[in-house]
Ligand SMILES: Cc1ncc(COP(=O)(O)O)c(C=O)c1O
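Read the single chain below, which is given as structure tokens and is the form predicted alone.
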Amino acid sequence: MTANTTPLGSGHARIYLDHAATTPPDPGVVDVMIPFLREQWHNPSSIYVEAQRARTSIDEARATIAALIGAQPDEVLFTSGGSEGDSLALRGVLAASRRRGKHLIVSSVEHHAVLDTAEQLERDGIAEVTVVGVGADGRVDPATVEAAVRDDTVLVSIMHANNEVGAVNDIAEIARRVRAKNPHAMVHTDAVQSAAHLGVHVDRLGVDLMTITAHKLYGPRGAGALYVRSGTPLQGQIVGGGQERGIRAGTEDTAAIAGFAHAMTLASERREADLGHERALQERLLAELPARIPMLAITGPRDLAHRLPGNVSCTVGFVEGESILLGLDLAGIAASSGSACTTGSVEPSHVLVAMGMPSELARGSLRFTFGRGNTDADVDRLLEVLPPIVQRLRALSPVPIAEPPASWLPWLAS
């Protein structure tokens, strides 16, 4: 989305290139939400007529989202967003499956909502975790997951699409191989990034649990959902109110849930148009960045069939990504160095390191993610200001810019 504010002295409207972090709420979504904030604000758990209207709205939203993902309404649990959904999936399944085992499989490039939860579960003795690696393009090989499955495997959690490098995994094939080796193992996927772009039909993906969230598809923050296939054991982690079939206590945010359902509907209706628009901008930037900036490596799949539309991730040698982002911000361009949840961290991206990239090169990571409101003019502006920023930062570096180390060469040549 191109904002209407103009940074001091720039003469250019600000440009937003961080849609993987969050998206601006669609005006139609806001319109749907407003009545629930002004007039229909009642607690949906109460019995009087106004409250029951709120309950009906939540039920309608649940049915809408369920239909869009190929589920039954009672298989959709509302949450506060992606992080809670991921945590509930891992914690809830492990807690409800103690008798069968405690083996959990995740990939090395999962969102920290999965990785940190898995680490804590293992530290507390609740889970025994196997972390499977990825290829240089950031994708998970289904055969690697299959090899890690054991008789006591309870849950496999592999993300549908990576939030940093846009790598799309073959979740259907992963699920098929997991079940062929252990029919009792359950499969969860974090579909937070893919829901808007690819569509997420649970039967086609073959998953038992799936996390989605509203704010990645032009809906409000604070609303998400966890799909739980009927019959999947899941123990609630927030108790005390009985909402969401006793699995997730807390008074529902009717406005956010209604906005979520409308955003999902709009995403489904606009998917082909959005995909084509974002692909065109993506293809242009992927082609032009390496040509304009020496020692820049594109990260993630080069085959766009395996990459989220709109995602352009790269890393720049001999400069810190955070410094580039500050320069872009001063020029009126908002972008990120990878996961918005870890921007500001002094550590290189765990995703790039897991892909095998040297940590020194990974420190120069950048991520540009396009949305509905971006234009060719936005790409023009980025290509205008980014090369001079990199050149200036390299000139200021106390470390002489020399030939790149041999370990960088495969990445710079890819």
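Remember, predicted model here, so these are calculated numbers, not experimental data. Residue positions are given as counts along the sequence shown, with the first one as 1.
There is also a form predicted in complex with the ligand; it is not shown, and the following applies to it.
Legend entry - Interface membership of M159, the ligand in the predicted bound form, 4.5 Å heavy atom rule: It does: once the ligand is placed as it appears in the predicted bound form, M159 has a heavy atom within 4.5 Å of it.
Inset, instruction - Find out whether any non-hydrogen atom of V192 is located within 4.5 angstroms of the ligand in the predicted bound form, and reply yes or no. - result: V192: contacts the ligand in the predicted bound form.
Legend entry - G82 within 4.5 Å of the ligand in the predicted bound form, heavy atoms: Yes, G82 is a contact residue.
Legend entry - Any non-hydrogen atom of T315 within 4.5 angstroms of the ligand in the predicted bound form: Answer no; every heavy atom of T315 is more than 4.5 Å from the ligand in the predicted bound form.
Inset, instruction - Report the residue, out of H197, H262, R307, H215, that has at least one non-hydrogen atom within 4.5 angstroms of the ligand in the predicted bound form. - result: Looking at H197, H262, R307, H215 one by one, just H215 meets the 4.5 Å heavy-atom criterion.
Inset, instruction - Select, from the options 293-301, 74-82, 126-134, 94-102, the stretch whose residues sit within 4.5 angstroms of the ligand in the predicted bound form by heavy atom distance. - result: That would be 74-82.
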